[in-house]
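Next comes just one chain, in structure tokens: the form predicted on its own.
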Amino acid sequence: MRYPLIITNAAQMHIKYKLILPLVFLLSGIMLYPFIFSLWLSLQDYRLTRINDVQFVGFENFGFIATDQSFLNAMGNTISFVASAVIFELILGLSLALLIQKLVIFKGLVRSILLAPMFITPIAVGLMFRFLLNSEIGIIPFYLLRVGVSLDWFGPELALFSIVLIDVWQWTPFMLLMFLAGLEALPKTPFEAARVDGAGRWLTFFSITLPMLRPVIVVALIIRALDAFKVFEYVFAITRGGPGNSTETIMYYIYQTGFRFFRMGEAAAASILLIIFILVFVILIVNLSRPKVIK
């Protein structure tokens, strides 16, 4: 006679920890070493042109970076880029998800077509739009000029906006995917009750759909914003931070400081400041997104 195997909760937790711990140690080693080394590097006058003459300077690199006009300009450009791109992607992604949810035929085909840009390498997207929006040979300026619209997409006024549009084109599908999953997971009962009570589409959307999608919106917003802070490929492939420094982002600033001017200590300090800024940003978003409890 066989007896069923009974596993207590304590034994289950023990097994879970034994299964997870190797991965935790591996990820910790992979993540902690670069972070600790970067932290050490940020406290040194470490230049690739004199690698054998490393001097400890304490927080001097942080003081210089925090008052460097180029760093402040790069942070300003990055914040403008992240805010514009993520807001556009949030609105477009949610709108497209609501439209696709209503489709009866060709739903899978439309979804596959709209998700395609997300799977293209960002550097390839940057090079593609570099030619598409080129004022001399680009097909988009050519047809705009035929209807009387002349725009210098990578000029001083529109360069950063063009980078935003390129990011929106590529990463709106990510928002679409998140919101489609969120909408499919919503319970049907509240919507049926609202329909019975005679609530219109807009009232149902703002009173039921949006509040119930709050967790999905917060997660999508944080993930997409974290990725947008790392924008580098479009700038590197198209503008190289120009014209002037109008499209210089923080990642391009760090790249130039470390690998063009060889000031690795200052580049590491800028990286640490970026990590702190992103951490504060995520904490603020999470706290602001929490529903207020009325006592």
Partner chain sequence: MIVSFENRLSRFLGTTAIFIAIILVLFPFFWIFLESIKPPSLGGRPDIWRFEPSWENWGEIVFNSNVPLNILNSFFIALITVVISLICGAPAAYAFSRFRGFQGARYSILAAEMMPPAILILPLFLLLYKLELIDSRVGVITAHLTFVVPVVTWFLIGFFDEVPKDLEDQAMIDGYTRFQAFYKVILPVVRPGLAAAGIFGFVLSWNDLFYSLLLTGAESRTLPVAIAGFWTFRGIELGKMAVAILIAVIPVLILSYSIQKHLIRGIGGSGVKY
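Fair warning: this is a prediction, and the values are worked out from it, not measured in the lab. Positions refer to the first chain, counted from 1.
What comes next is about the form predicted together with the partner chain, which does not appear here.
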*Assess the spot marked by 66, 208 and 284: is the partner chain within 4.5 Å of a heavy atom from every one of these residues in the predicted bound form?*
no
*Would you please decide whether residue 104 lies within 4.5 angstroms of the partner chain in the predicted bound form, comparing each non-hydrogen atom pair?*
yes
_the partner chain contact at residue 215 in the predicted bound form, heavy atom, 4.5 Å_ = yes
*asked:* My question is simply whether residue 193 lines the interface with the partner chain in the predicted bound form - judged by any non-hydrogen atom within 4.5 Å.
replied: no
*With the cut-off set at 4.5 Å between non-hydrogen atoms, does residue 38 touch the partner chain in the predicted bound form?*
yes
*Among 117-125, 81-89, 67-75, 155-163, mark the stretch whose residues have heavy atoms within 4.5 Å of the partner chain in the predicted bound form.*
117-125
*Even though the chain is shown alone, can you say which residues of 215-238 have a heavy atom within 4.5 Å of the partner chain in the predicted bound form?*
215, 216, 218, 219, 223, 226, 230, 232, 233, 236
